[in-house]
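Let's start with one chain on its own, the form predicted alone, as structure tokens.
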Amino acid sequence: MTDTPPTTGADGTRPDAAQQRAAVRERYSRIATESSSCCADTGSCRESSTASPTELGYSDADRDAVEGVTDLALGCGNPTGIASLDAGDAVLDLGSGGGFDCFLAAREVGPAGQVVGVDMTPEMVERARENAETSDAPNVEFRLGEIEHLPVADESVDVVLSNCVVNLSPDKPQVFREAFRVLRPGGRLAISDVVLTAELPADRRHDPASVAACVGGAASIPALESMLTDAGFVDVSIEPDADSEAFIREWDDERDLSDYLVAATIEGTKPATGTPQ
């Protein structure tokens, strides 16, 4: 485990990319080893996520299908629920954590499909691999890597998933460019994440712990739409989930974060003809 990073960037400004990555890696290292939740021990968030699996969009059948594999309360939605996966699909999960969504995807794509999870925290990858050993999912693997620099070949994936992770990246446009690179022509992006609905207070924007807790790094819908279209995606759709306010307002003891954030589904498609010229 690394030392706890500083609470602000230089001169009290927004933390730089290195500080953000250090904060995220430290946070999720602790989560993987202590089985805490996304907002645990931040100083600004409650000790545990209050979202139930049902609130996040998971069914009882989803939970039963991966019994014994915890999602560590890290998500803000159910990306497999919007991905419309087909048998035989190759799926990539950005920031796969303990692997919960990967195992759900494996159930959908069947033995002819493949699921790869990528996470930058070694302890999370180790946790996911341990889960894989106890799950009947031989077509799932986990790789250590950053979502801005994916250890995945060009045009090798049919669907890219992610669950409340892209907001953690200090370089979101690069995340979407990488997702576009690894997708086959006609492939699609299906993400659950948080988006900004109003400007966050400075103390949350400038706090690496807030960034690591799925708050300080969120972007607005127009900004995300621009990032996706600039990366080459078409048929971009970002749909807020108003029901998410019920659990987002419980994320912070000091203020109601639902005044600033909402969970959303984020979708896009790589043109079937390949990269636009």
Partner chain sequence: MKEDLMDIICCPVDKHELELDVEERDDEEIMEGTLTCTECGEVYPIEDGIPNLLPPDMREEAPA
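The structure displayed is predicted, hence computed values, not measured ones. Numbering follows the first chain given and starts at 1.
Just so you know, the form predicted in complex with its partner chain exists too; it's not on screen, but the next bit is about it.
Undergrad: Which of Leu200, Val152, Val109, Ala83 has a heavy atom within 4.5 Å of its partner chain in the predicted complex?
TA: Exactly one residue meets the criterion: Val152.
Undergrad: With the partner removed from view, which of 120-128, 94-102, 200-208, 159-167 is the stretch that lies within 4.5 Å of its partner chain in the predicted complex, judged by heavy atom distances?
TA: Correct option: 120-128.
Undergrad: Can Pro173 be called a contact residue for its partner chain in the predicted complex at 4.5 Å between heavy atoms?
TA: No.
Undergrad: I'd like to check something about Gly88: if you look in the predicted complex, is any of its heavy atoms closer than or equal to 4.5 Å to a heavy atom of its partner chain?
TA: Flag for Gly88 set to no.
Undergrad: Could you confirm whether Ser135 comes within 4.5 Å of its partner chain in the predicted complex, counting heavy atoms only?
TA: The answer is no: Ser135 has no heavy atom within 4.5 Å of its partner chain.
Undergrad: May I ask you to check whether Asp193 falls inside a 4.5 Å heavy atom distance of its partner chain in the predicted complex?
TA: No, Asp193 is distant from the partner.
Undergrad: Suppose contact means a heavy atom within 4.5 Å; in the predicted complex, does that hold for all of Gln114, Phe142 and Glu178 with its partner chain?
TA: Judged in the predicted complex, Gln114, Phe142 and Glu178 all sit within 4.5 Å of its partner chain.
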